[in-house]
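Just the one chain here, the form predicted on its own, laid out as structure tokens.
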Amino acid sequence: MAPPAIILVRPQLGWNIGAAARAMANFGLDDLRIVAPRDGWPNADARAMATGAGDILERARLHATAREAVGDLHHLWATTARHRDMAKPVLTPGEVARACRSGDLRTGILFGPESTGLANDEVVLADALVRIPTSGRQRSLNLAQAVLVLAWECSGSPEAVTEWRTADAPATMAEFDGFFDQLVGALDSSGFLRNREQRPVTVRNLRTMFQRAGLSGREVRTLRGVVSALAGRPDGDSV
């Protein structure tokens, strides 16, 4: 089992960062990544709350954006309590835990800020959404509570797993981003994305379509060659 990275995106309260680290320590997770914390880093409140988990805070990696934080991961899930207008699978914490047990692939779980949750441009990075089942009366959880639930699920013993692996190694998020940036650049140059109002939605939908394919690194390189050839620039890999 390869425990997932816990990625806190724009967390607002140091107390919640510390409590999240403590929850990770309770269940054997140690890869904490923090994206643009509101009150800066390091944070005294986080340290005061992270009883027994100070080493996780010491090793935590600070990032400017969610995209930067997930570049080395092969699979990513985004937590949300809200309906999102994206064609992405919606998983339970147990389903995410089973997917994490598919070997040595690097995986991660995104958690949004306390007041608003993740932005759509952050959610679209993920392969699937994670929704913790709660009562209809109160759907949202405290940030640290949400981390605790996922950490507990992901600490269980191996069982029947969702098989993510292909014959070739899966593309990392950074490899996929390189391809997708190249594709969007070519579409911009061709005029396909000329409707500025619809452009963000179209780009998100295209990303979701390609993510569903579960591309390998080799497939991403081939697609980059295809885009280069269509754009008249022989600078990508060919088959």
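All values reported here derive from a predicted model rather than from experimental measurement. Start at 1 and count along the sequence shown; that's the residue number.
The same protein has a further form, the form predicted together with another copy of the chain, not shown here; the description that follows concerns it.
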Checklist entry - Each of Arg33, Phe111 and Ser115 near another copy of the chain in the predicted bound form, meaning some heavy atom within 4.5 Å? => result no
Next on the checklist: Please determine whether Asn120 contacts another copy of the chain in the predicted bound form, using a 4.5 Å cut-off between heavy atoms.
Outcome noted: no
Checklist entry - Though only this chain appears here, would Thr222 touch another copy of the chain in the predicted bound form if you measure heavy atom gaps against 4.5 Å? => result yes
Checklist entry - Might Ala169 be said to contact another copy of the chain in the predicted bound form, defining contact as any heavy atom within 4.5 Å? => result no
Checklist entry - Heavy atom to heavy atom, is Pro133 within 4.5 Å of another copy of the chain in the predicted bound form? => result yes
Checklist entry - Which residues, if any, of 19-54 lie within 4.5 Å of another copy of the chain in the predicted bound form when only heavy atoms count? => result Ala19, Arg22, Ala23, Ala25, Asn26, Phe27, Gly28, Leu29, Asp30, Met49, Thr51, Gly52
